[in-house]
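The form predicted alone is given below as one chain in structure tokens.
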């Protein structure tokens, strides 16, 4: 069976196009339709993404997929569509207003070189909202917001995206007969392609500036801009490179399926706070402890708090363990609280003063604590870490707490250490575990 021949990608089911008489958008959309007819792409594989503005009324008049989003954000939606479905032909319709509002998205689309085609319907003002000036309004032009003449420089959209790395850039006038062919070239280009199409806004810009078709052509020379194909080069397309990289990573990465190998003694959600100093591997210790809990069939969450500096200040981790799904991860009333540095104490000083009597507070014996109602246990965490290794203090404290609490087997913590840490680190932390366990004396030992 031969493939169908598409004679038009537009529909008149909604009536005529909704633009002002003489508006350049109507001619542009018909040129886009002519380009699509030349391409003969399956309409089911075409997505037209529109921005807010008069040009945003366009997508419903095409027999193709459509996406209409927030002002200036159309390129972000188009990027997501193309990355998720690389087989699609993604065409973005945006006005000069959208280029200004979404300027950072414009720069990043060009920089990444995602295979999407952007057609800018550039009529030098915000036509939908009353004719305010935009980033491309020519100097001296009269708009609703520049009644004495625009004193800002007009942005050269083509030069802007070219400087950001765009690989195909074209500027033209909306009256040129070869515009459909230029759109075809842009769509076929294997990377980010931009067509800056200059048009007339008959409702606002033309009346205020005594503007006409001839003046539109003269503006190119007055602005010092060039027309035609301005950039045509190739470099790797972002989506293809990303998929290649992801495929390579998937091939070399071994997925570790975490299966329960131990039991636990928890009947409810339990909160544990570990407070120390930056550089003491607090977050790493909390993570290993959380993994041990999961190996014991528990659900776990971890929240870390630390300053923007490196190796200075506090490091506090909050770990929740629960036999059921954790719906609320904040710890309002800790069950266990470990503190083993001045930095950790300073950060949690107020919290310690409000701990309930049901909380087991285990602290380094050298720290001077505020008054607290918690059940206090002082242990020589710092001295133990000097014996084993200064970066092992978190594991020492957690091993001591685990032996005291029996939340889950100590063997689960040892398994987590040996399975998820490099061998040299695991060797030290296994010794740290033994040292922490030895700090707890039990009557049934």
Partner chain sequence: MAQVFIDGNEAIARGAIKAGCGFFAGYPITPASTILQYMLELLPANGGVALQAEDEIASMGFCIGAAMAGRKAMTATSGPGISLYSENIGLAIVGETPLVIVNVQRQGPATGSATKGAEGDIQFSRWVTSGGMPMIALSPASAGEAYELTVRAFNLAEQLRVPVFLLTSKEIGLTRESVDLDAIELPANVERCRAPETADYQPHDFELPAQVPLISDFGGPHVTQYTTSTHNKEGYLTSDPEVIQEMIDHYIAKIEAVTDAIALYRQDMEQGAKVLIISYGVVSRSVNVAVSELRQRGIKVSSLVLQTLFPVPETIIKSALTGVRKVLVPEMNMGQYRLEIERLAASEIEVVGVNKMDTTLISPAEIIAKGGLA
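Computed from a prediction, not measured in an experiment: that's the story for all the values here. Positions refer to the first chain, counted from 1. Superpose the two forms; the largest set of C-alphas matching within 1.5 Å is the rigid core.
Form predicted together with its partner chain: not shown, discussed below.
Using a 4.5 angstroms threshold between heavy atoms, residue 68 counts as touching its partner chain in the predicted complex. Under a 4.5 angstroms non-hydrogen atom cutoff, its partner chain in the predicted complex has residue 238 among its neighbouring residues. By the criterion of a heavy atom within 4.5 Å, residue 376 is excluded from the residues contacting its partner chain in the predicted complex. In the predicted complex, its partner chain stays beyond 4.5 Å of every heavy atom belonging to residue 371.
Screening 417, 35, 52, 29 for any heavy atom within 4.5 Å of its partner chain in the predicted complex leaves a single hit, 52. Contact with its partner chain in the predicted complex, judged by any heavy atom within 4.5 Å, is made by just one of 354, 349, 213, 303: 303. Only one of 196-204, 149-157, 229-237, 70-78 lies within 4.5 Å of its partner chain in the predicted complex by heavy atoms, and it is 70-78. Contact residues in stretch 301-334 (any heavy atom within 4.5 Å of its partner chain, taken in the predicted complex) are 301, 302, 303, 305, 308, 326, 327, 328, 329, 330, 332.
The Cα position of residue 144 differs by less than 2 Å between the shown form and the other one after fitting on the rigid core. Residue 218 shows a C-alpha shift below 2 Å between the shown form and the other one [criterion: core-superposed Cα displacement of 2 Å]. Once both forms are fitted on their rigid core, the CA atom of residue 118 lies less than 2 Å apart between the shown form and the other one.
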